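Here we start with a single chain on its own, the form predicted alone, put down as structure tokens.
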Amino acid sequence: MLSRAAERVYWLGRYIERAENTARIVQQYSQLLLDLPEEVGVEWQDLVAIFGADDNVEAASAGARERTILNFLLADPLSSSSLAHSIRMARDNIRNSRDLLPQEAWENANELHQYAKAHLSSASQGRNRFEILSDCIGRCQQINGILIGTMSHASPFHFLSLGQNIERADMTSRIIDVAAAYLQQNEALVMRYGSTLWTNVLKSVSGFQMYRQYCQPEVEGMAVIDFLVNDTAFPRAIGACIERARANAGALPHGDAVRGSLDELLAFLPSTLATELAGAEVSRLMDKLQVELAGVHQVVVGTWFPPA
């Protein structure tokens, strides 16, 4: 396939995954603010840190109030971190790749785009936020289901899945990173309300039931982090995402360099984590993972895509 077509399909996988995860994170963070007392110190500004967009929001509004931040993350068409932007970019990439993808996927992506234009502004102002975000998540999952269930597992599929898994690993690391930040700010209070915090972390990746089923009935901070970093059976765990991305790279021509960079990333993951919660250490690990994932992306670009 042409390199520009491969690039569009790769970014389609990333943007669909980014849209779904953005909706998940905002939804569960909103729930976390309702569940935890004010003394824990959870603020809307912390939500922006997940997306690495602190400077952007501060420039737009020094107060960084709830409505400003939610508009920035949900409805602002000029914000590259917003749900609306991810949905629009996914639609544009799938529209320009219709010869490689199922027709039903394009139709559903277009419907999602129209739905987002009509409703995300209301969600950013607090009206029916949970229902609208749930609809966006469901529609993203529907598009993914169509793509995975009806595409031949040839090169376009592997580029799609490669982008999806790199993006998913990055978003999972950001979710863990913000939880680790709470540990650094007020470890005693987080210990006190830890079950609520870590339950919301698991729910933000739809991992609560799988954690309880395959790990242990009690929700403990370091056990949750270990599950989301090292588990190779749970599809949203970082280790599982890297393994699948590695398989995708191996199925593509000239994929040795990308596969090698993913092997290095797998070797970087700690096989075991300390039993004691150390927020600063977890945060450094997640930051390093995000840098390494950005490096993998650069290898992907250099291997298969045309120069900018």
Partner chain sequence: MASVFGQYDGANFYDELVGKDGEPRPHARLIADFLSGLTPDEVVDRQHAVDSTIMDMGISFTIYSEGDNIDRAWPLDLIPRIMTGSEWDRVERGLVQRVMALNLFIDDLYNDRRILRDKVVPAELIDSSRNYLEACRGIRPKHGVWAHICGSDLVRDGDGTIYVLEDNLRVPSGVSYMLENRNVIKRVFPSMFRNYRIRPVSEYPSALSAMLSSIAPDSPNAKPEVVVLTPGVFNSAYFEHSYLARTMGAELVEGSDLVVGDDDSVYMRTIDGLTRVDTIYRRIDDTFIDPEAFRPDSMLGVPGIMRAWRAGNVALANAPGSGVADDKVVYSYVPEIIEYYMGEDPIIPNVPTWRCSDPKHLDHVIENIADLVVKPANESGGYGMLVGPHASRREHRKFRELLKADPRNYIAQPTLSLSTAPTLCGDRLEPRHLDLRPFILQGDRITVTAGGLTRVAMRKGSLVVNSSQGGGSKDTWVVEGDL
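Note that the coordinates shown come from a computational prediction; the quantities given were computed from them, not determined experimentally. Positions refer to the first chain, counted from 1.
What comes next is about the form predicted together with its partner chain, which does not appear here.
Using a 4.5 Å heavy atom cut-off, which stretch among 109-117, 204-212, 133-141, 161-169 contacts its partner chain in the model of the complex? One stretch meets the cut-off, namely 109-117.
Quick one: from Q103, S152, Q216, S80, grab the residue that has a heavy atom within 4.5 Å of its partner chain in the model of the complex. For this set of options, the contacting one is Q103.
Does the 4.5 Å heavy atom contact test between N96 and its partner chain in the model of the complex come out positive? Residue-level check for N96: yes, a contact with its partner chain.
M1 versus its partner chain, in the model of the complex: is there a non-hydrogen atom within 4.5 Å? Although its partner chain is absent here, M1 would touch it in the model of the complex, with heavy atoms inside 4.5 Å.
Proximity of R236 to its partner chain in the model of the complex, heavy atoms at 4.5 Å: No.
Taking heavy atoms and a 4.5 Å cut-off, does R91 contact its partner chain in the model of the complex? Residue-level check for R91: yes, a contact with its partner chain.
Could you list which residues of 239-270 come within 4.5 Å of its partner chain in the model of the complex, counting heavy atoms only? If the 4.5 Å heavy-atom criterion is applied to its partner chain in the model of the complex, 239-270 yields L252, P253, H254.
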